[in-house]
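Take a look at this single chain, the form predicted on its own, given in structure tokens.
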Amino acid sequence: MTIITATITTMEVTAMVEGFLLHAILAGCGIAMLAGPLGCVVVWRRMAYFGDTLSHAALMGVALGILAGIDATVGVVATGVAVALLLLALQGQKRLAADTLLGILSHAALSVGLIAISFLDTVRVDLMSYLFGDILAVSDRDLAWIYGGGVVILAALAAIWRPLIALTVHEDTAIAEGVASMRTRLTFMVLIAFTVALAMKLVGVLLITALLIIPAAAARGFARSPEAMAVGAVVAGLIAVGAGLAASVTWDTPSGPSIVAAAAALFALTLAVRGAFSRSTA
């Protein structure tokens, strides 16, 4: 009887672990498909610091969501949109450089978020999971958010893709040709805010920007068109997710940092391959 009970328990544990891994893989693949094309635009427009600002503001959104009794994802999206609108308003005044504004907003948002969470005495908040991610805790509801929100994000990105590329290549010319610069930029910022909210459980708010820019940077040297770079970034992101999760399971390392480390290793490999190819064709 004891042997049978032990066997059943082992089977239940195995099934539970496999379920966690399946959720983790599905979540990682969903975020990689979002981060790829969005990350390409972030790299082209040199907006990495903006991604950091939104990710740092996510903690404040978590606290606000808990205080308001709503889903943390909704709180993060609302905070991200508010930060994007505030940044656009401040940039319009042209009194401070964009990087200075981003630096102020980034660190202020992170500090306020950490302070707000510290006051949530009646609610247990796993701060480390929010900072560095906990992909193995992804639920069915999280997957619904990722894939449902992902469809909306990719559809909206497809709608503004051409105007966004035109603004990236030469903003003045694009505006002269009738591109709505403010609306396009705001839409893209809102899409980044949504992606940050969806990716929060995957890699944490401190590492989200890395997942946006590293796969895109890895694909950049091999792409001959914006669309090819976007596809390459998705592929690089999927490889990083797979390798990172495998490393996390094998060596019991944190999943979020493992995925980012795998992406960084892939980027280093692409640099080596490009360097070797350049020397062979010289």
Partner chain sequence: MHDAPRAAQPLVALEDVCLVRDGTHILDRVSLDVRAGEIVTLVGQNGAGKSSLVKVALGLLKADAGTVARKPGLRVGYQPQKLTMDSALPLTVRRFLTLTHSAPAARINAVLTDVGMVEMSGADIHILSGGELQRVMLARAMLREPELLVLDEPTQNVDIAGAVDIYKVIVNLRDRTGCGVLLISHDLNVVMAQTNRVYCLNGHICCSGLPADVSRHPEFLRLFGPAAAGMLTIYPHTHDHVHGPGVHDHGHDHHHGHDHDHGGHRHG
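Here the structure is a predicted model, which is why all the values come from computation and not from measurement. Residue numbers count along the first chain shown, from 1.
Beyond what is shown, the protein has a form predicted together with the partner chain; the following relates to that form.
*Asks:* From the candidate stretches 111 to 119, 186 to 194, 81 to 89, 166 to 174, select the single one in contact with the partner chain in the model of the complex, where contact means a heavy atom within 4.5 Å.
*Replies:* That would be stretch 166 to 174.
*Asks:* Test of understanding: in the model of the complex, would Trp161 fall inside 4.5 Å of the partner chain by heavy atoms?
*Replies:* Yes, Trp161 lies within 4.5 Å of the partner chain in the model of the complex.
*Asks:* Taking 4.5 angstroms as the cut-off for heavy atoms, does Gly232 touch the partner chain in the model of the complex?
*Replies:* No, Gly232 stays farther than 4.5 Å from the partner chain in the model of the complex.
*Asks:* Does at least one non-hydrogen atom of Ala243 fall within 4.5 angstroms of the partner chain in the model of the complex?
*Replies:* Ala243: no contact with the partner chain in the model of the complex.
*Asks:* Check Ile70 for me: does it contact the partner chain in the model of the complex (non-hydrogen atoms, 4.5 angstroms)?
*Replies:* No, Ile70 is distant from the partner.
*Asks:* Find the only residue in Ala247, Leu238, Leu64, Val43 having a heavy atom within 4.5 Å of the partner chain in the model of the complex.
*Replies:* Only one listed residue qualifies here, and that residue is Val43.
*Asks:* Which residues within 195 to 225 place at least one heavy atom within 4.5 Å of the partner chain in the model of the complex?
*Replies:* In sequence order, Arg220, Ala223, Arg224, Ser225 come within 4.5 Å of the partner.
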